[in-house]
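Only one chain is included here, represented as structure tokens and corresponding to the form predicted alone.
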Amino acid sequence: MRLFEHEAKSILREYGVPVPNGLTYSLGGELNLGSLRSPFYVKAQVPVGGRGKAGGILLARTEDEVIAHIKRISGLMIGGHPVSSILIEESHVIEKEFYLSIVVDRTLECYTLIAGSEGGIDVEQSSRMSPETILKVPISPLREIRDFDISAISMHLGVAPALLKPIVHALWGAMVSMDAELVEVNPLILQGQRLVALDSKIQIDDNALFRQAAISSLPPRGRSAEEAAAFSQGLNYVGLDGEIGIIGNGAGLTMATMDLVKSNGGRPANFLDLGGGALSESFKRGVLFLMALDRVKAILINIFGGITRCDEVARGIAAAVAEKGYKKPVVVRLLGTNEPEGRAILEAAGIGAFSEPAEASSRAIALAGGRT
């Protein structure tokens, strides 16, 4: 689960990390800037990056400008997410900005402390163009942060160890206690004799939410409105930007189907895995969900029936096709348990079934208006 910036900063503040003074404004509420001093930064709260480039972070020098910026930002969609709240903060003079984070490094099977001598919105580009600006320090989960870890990033950033030490230990404390996959500060700015976290990101491991009562009670984050709607229907769904809706029974088969469509010149509209042993009602829900998406021009269903029964799948597809007013083409590849029964059900509903995935893929691409 990805936290909003104001939530991440609230956690870091509890661990002693200096953050700008600010307040969170809920859309439609009353604005009271209180004792905040101008100028202000008005910042959209969405669980994705790229807010600045999308116009979601604006500078205001007066309360009237804050109000105008709130009206402008509140209508934005950033990375598929509507703006649900806005953070208003005091601005800070920046002497130097850095990048600092701790991540779960699955390749090395440990934590990794990452320090960048150039922070800000283009840190990813800086790391590609100037990899020498990034230092990565592996941290075993069996030990704490040590002074030599801090010394390494101190020399890399050119910041006194005494300034860095409390910040690094605070990030480590939040990382471990919150079961986080990522704790990031970008930029971490130098201001006189202190470091201040101007922006922060925290991502909690979904598998550990049962240990994080305060976090697990929050609405799901990191999903688009479309994905949230699918989640509410019990669908294992990820939205993409193509025109061919894809359903499979098993994550590997579903991803292979997406690759097949892509390699044949089509564009997958989604990942939708209904899993092994899924019942007809699940397939009906999945097909109806994809049919309701404007960008989906054709639906490709790839089923290899092991514990999944082909007749059960076919009943769900047939029921969805018979539903109110949906006329989008459905292409099915069907193979496995109770296959003859499944094919008979589909044929009665006017749907042919292929045995080979490549043939089904080509047909779906053609029906969606792509090349065969």
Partner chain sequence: MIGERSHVMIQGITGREGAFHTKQMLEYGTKVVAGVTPGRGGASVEGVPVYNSVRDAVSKHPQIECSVLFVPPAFAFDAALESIDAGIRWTIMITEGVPIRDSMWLINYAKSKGCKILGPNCPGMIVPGKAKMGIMPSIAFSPGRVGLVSRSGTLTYEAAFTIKRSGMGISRAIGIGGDPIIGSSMLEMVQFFESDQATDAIVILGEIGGRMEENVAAAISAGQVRKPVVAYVAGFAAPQGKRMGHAGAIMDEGQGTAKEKLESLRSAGANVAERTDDLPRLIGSSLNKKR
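As the structure is a computational prediction, the values presented were derived from the model and not from experiment. In this text, rigid core is short for the largest set of C-alphas that superpose within 1.5 Å between two forms. Residue numbers count along the first chain shown, from 1.
One more form of this protein exists, namely the form predicted together with the partner chain; it is left out here, but the text below deals with it.
Trainee: Tell me whether 109, 264 and 279, taken together, all sit within 4.5 Å of the partner chain in the predicted bound form, counting heavy atoms only.
Mentor: Yes, the whole candidate spot contacts the partner chain.
Trainee: Just to be sure I understand the contacts: of 163, 291, 229, 256, which is the one whose heavy atoms reach within 4.5 angstroms of the partner chain in the predicted bound form?
Mentor: When the partner chain is considered in the predicted bound form, the option within 4.5 Å is 256.
Trainee: Counting non-hydrogen atoms within 4.5 angstroms of the partner chain in the predicted bound form, say which of 233, 217, 140, 130 makes the cut.
Mentor: The residue in contact is 140.
Trainee: Looking in the predicted bound form, any heavy atom of residue 38 within 4.5 Å of the partner chain?
Mentor: So residue 38 does not count as contacting the partner chain.
Trainee: Quick one: is residue 82 in contact with the partner chain in the predicted bound form, heavy atoms, 4.5 Å cut-off?
Mentor: Close contact is absent here: in the predicted bound form, residue 82 is far from the partner chain, nothing within 4.5 Å, heavy atoms only.
Trainee: Looking at the partner-bound form in the predicted bound form, is residue 29 within 4.5 Å of the partner chain by any heavy atom?
Mentor: So residue 29 does not count as contacting the partner chain.
Trainee: At the 4.5 Å heavy atom threshold, is residue 158 in contact with the partner chain in the predicted bound form?
Mentor: Result no; residue 158 lies far from the partner chain in the predicted bound form.
Trainee: Can you pick the stretch from 85 to 93, 141 to 149, 71 to 79, 291 to 299 whose heavy atoms fall within 4.5 Å of the partner chain in the predicted bound form?
Mentor: Contact criterion met by 141 to 149 only.
Trainee: From first to last in sequence, which residues of 347 to 365 have any non-hydrogen atom within 4.5 angstroms of the partner chain in the predicted bound form?
Mentor: Heavy-atom contacts within 4.5 Å come from 356, 357, 358.
Trainee: Taking the rigid core as reference, does residue 360 move its C-alpha 2 Å or further between this form and the one not shown?
Mentor: The answer is yes; the displacement is at least 2 Å.
Trainee: Inspect the rigid-core superposition and answer whether the C-alpha of residue 338 shifts by 2 angstroms or more between this form and the one not shown.
Mentor: The answer is yes, as the C-alpha of residue 338 shifts between this form and the one not shown by 2 Å or more after core alignment.
Trainee: Once the core is aligned, does residue 111 move its Cα by at least 2 Å between this form and the one not shown?
Mentor: For residue 111, whose C-alpha is compared between this form and the one not shown after core superposition, the shift is less than 2 Å.
Trainee: Since the Cα separation of residue 244 and residue 76 moves by 3 Å or more in the predicted bound form, tell me which way: closer or farther than here.
Mentor: Farther apart in the predicted bound form, by 3 Å or more.
Trainee: Just say closer or farther for the C-alpha distance from residue 209 to residue 234 in the predicted bound form, relative to the shown form; it changes by 3 Å or more.
Mentor: The answer is closer, because the C-alphas of residue 209 and residue 234 approach each other in the predicted bound form by 3 Å or more.
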